[in-house]
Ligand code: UDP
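Just one chain is shown here, as structure tokens, and it is the form predicted on its own.
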């Protein structure tokens, strides 16, 4: 079995590559290292069945050879984060929409047996229903969420029109080792772990009672493989932990002082996936508890030694465009 993983040097992509190799697949990772890291590949970089192609999916010329004879394609390459997407929507459209089109065309031309897309639960925006089912209204609040949804629509359309055997996984609040340690202000775990290492208070948004469906990365990697092994096509699945946890609960597990910062517009008070569809149709279920996942993050905390250490003033400056553009909706 030959698998292609776009974004294979990224956080989730590297875990997926590792699991595929463990299960006997030959794996080609495609990554341009804009957000992916060589260090993520270290556990398997020299594996006999692993190859790396340094290429941007926005420039598909020359990529067809990497997709030749591929059985499975997992499309995880893309740009994340809210603030950069507000500031550079054209770049996000080029990567998350046009790039997805390019990968779909390469997969279709190669005649792949399965195509699995990494979608985002951010497409739900601020939902009315919890746990949120796949049938909930789509309400993207910012360009990142919109472009990931547009990519998903392309995937479903190619499944319908061109009979590409494709599925989409809407991922909820993925965390775990190898998550990003540098760059733009972003995921809460990276922010908090760098603060803990440097003896700084955790910058908790609002009152900290907002909850998130924190889903461990190895469970997410298993969901991608379950999707590839299934016979389902043109289906969308939520991938979540089966529960949701408050930010206050997270900081209690991490231990340390807290500094509260203003609530941000366009953010839901709760994310909580209805996972009944993926459990029943793909026989997938999460295996890592929130407590065990946090413990694994703490065990790997030195990975965040060089990460930015955010404080309230730094966050205020970094998120100024967030408030400026989305504040009227709050």
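Numbering follows the first chain given and starts at 1. Quantities reported herein were computed from a predicted structural model and do not represent experimental measurements.
Below: the form predicted in complex with the named molecule, not depicted.
The contact residue chosen from 173, 141, 105, 179 relative to the named molecule in the predicted bound form is 173, the criterion being a non-hydrogen atom within 4.5 angstroms. The single contact residue among 83, 79, 188, 194, judged by any heavy atom lying within 4.5 Å of the named molecule in the predicted bound form, is 188. Taken together, the three residues 22, 28 and 70 all stay farther than 4.5 Å from the named molecule in the predicted bound form, as judged by their closest heavy atom.
Residue contact with the named molecule in the predicted bound form: residue 156 places no heavy atom within 4.5 Å of it.
Contact annotation: residue 267 falls within 4.5 Å of the named molecule in the predicted bound form, judged by heavy atom distances. Heavy atoms of residue 146 never reach within 4.5 Å of the named molecule in the predicted bound form, leaving it off the interface.
At the 4.5 Å threshold, heavy atoms of residue 307 stay clear of the named molecule in the predicted bound form, well away from it. Heavy atoms within 4.5 Å of the named molecule in the predicted bound form map, among the stretches 125 to 133, 196 to 204, 109 to 117, 224 to 232, onto 196 to 204 alone.
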